[in-house]
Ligand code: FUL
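First comes one chain, alone, set out as structure tokens in the form predicted alone.
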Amino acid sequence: MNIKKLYASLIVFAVTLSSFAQTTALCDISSDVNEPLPVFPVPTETQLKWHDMEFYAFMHFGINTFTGKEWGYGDESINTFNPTSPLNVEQWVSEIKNIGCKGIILTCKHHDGFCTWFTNTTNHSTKNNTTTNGHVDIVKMLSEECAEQGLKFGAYISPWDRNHAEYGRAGYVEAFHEQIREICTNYGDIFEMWFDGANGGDGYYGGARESRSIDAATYYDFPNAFKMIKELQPNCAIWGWDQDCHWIGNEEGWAGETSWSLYDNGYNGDGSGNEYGEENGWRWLPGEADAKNGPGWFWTFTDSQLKSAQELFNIYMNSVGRNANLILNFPPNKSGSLSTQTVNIMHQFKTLLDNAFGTDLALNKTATASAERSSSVIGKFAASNVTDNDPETYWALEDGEKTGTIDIDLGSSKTVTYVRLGEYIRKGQRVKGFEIYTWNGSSWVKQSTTEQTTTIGHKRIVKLSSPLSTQKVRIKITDSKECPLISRISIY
């Protein structure tokens, strides 16, 4: 066995041992309770909290907003950042909260190196801006407004810095780590930190105006940077770079119909990503889908180029509905506000979400199963757990039983369009195949396709081919790694 394989094996063992310790600490595995053992790998507590975020917003706002570039060169005057009005962060947060987002990740620094907080690491920041509305600590303003309105706050800090004179040398790494420290210590809780994979190339670099190459895997000393983040922000998930979650593999906001939260490698700065995960991946490394609401990440376009509400809804279905978290971008314009048309489309999008998922027809309705796992605790693994809206309860079968059915009785005939399912992922992702049936009064009729019904994971939403009227819905688990653990079934 070579050194790399040995190292990888040791990591697998350490992660598995750690996961087992976390899981068994939360479980009673005595014979009378009959608690199912985990199917490894399993998520950490930080990853479980990250899964629960499901849907949050990106906000790209900086120098590029005023130059019309997606990637600034790094030589832009700091006073180029010149909002025509005071920043309307209250509007940003309230409109993003309104559509159901649970947090906002701000692009605190993009590749041009312009810092949108009052940093001590460079003069290239809003701290030294002398325009009327540009001398603002945006990170402070937005993080405080998020706290005020009950949203989580996250930060994007580009590792590549096309402005910094020391980029490519040790001096920049020190400054980069200090930038991370500033964000982690001065702006409250951070739920996710985002480090882009664009690294090295041509730039201003303090006036050198040259191309600089780095080894992304080693140059930034990420092991120490990530250690610092976890010490300062223990509940913070780190996006990419083989940490807590991985890039889904596209910027169109979709995950595969088959979507595992297991994966061998994350985003290592080489452009890699994966829309499907890996059934036998050795790490719990779930996918995050990123998408724009227009053609660019920054406001470098016009209202006429914005995606429609239906397009945003489709992105939601193809990401959150397929066991991936969604980070959807809403960039402010030059006035420092979300444009009127952006807000109009967001409201239309909210209406589509409410119409689709506003009422769970299965909530607290009668659920029966082909079998239930035995336990000394009455109802511990009962079918009724899937309709109680409690994420910590679940239906389970006995060890070795990998197929079974759950029937939901809606009480009377209802129009059904969507079915949502969720596994109890604290003990691993298990289900490999399932089917959806509806009752027509005399027999069960299959309503799902094979492509729609493979994995479940944290959250899976299946849209039926057309709305139909039925009183009962059946979920049939057709294949699973081990006994399935289903925490939620919702019907809309």
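A residue's number is simply how far along the shown sequence it sits, counting from 1. Since the structure is predicted, the reported quantities are computational estimates derived from the model, not experimental observations.
Below: the form predicted in complex with beta-L-fucopyranose (FUL), not depicted.
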Name the single residue among E76, E145, D290, D242 that comes within 4.5 Å of beta-L-fucopyranose (FUL) in the predicted bound form, judging by heavy atoms. D290
beta-L-fucopyranose (FUL) isn't shown here, but in the predicted bound form which of Y394, W194, Y187, F313 has a heavy atom within 4.5 Å of it? W194
Is beta-L-fucopyranose (FUL) in the predicted bound form near all of E174, A217 and F226, within 4.5 Å of a heavy atom of each? no
Heavy atom to heavy atom, is Y418 within 4.5 Å of beta-L-fucopyranose (FUL) in the predicted bound form? no
Check H246 for me: does it contact beta-L-fucopyranose (FUL) in the predicted bound form (non-hydrogen atoms, 4.5 angstroms)? no
Quick one: is E251 in contact with beta-L-fucopyranose (FUL) in the predicted bound form, heavy atoms, 4.5 Å cut-off? yes
With a 4.5 Å heavy atom cut-off, would you call F58 a contact of beta-L-fucopyranose (FUL) in the predicted bound form? yes
When beta-L-fucopyranose (FUL) is placed as it is in the predicted bound form, which of 364-372, 108-116, 342-350, 394-402 ends up with heavy atoms within 4.5 Å of it? 108-116
Relative to beta-L-fucopyranose (FUL) in the predicted bound form, which residues of 295-313 have a heavy atom no more than 4.5 Å away? W297
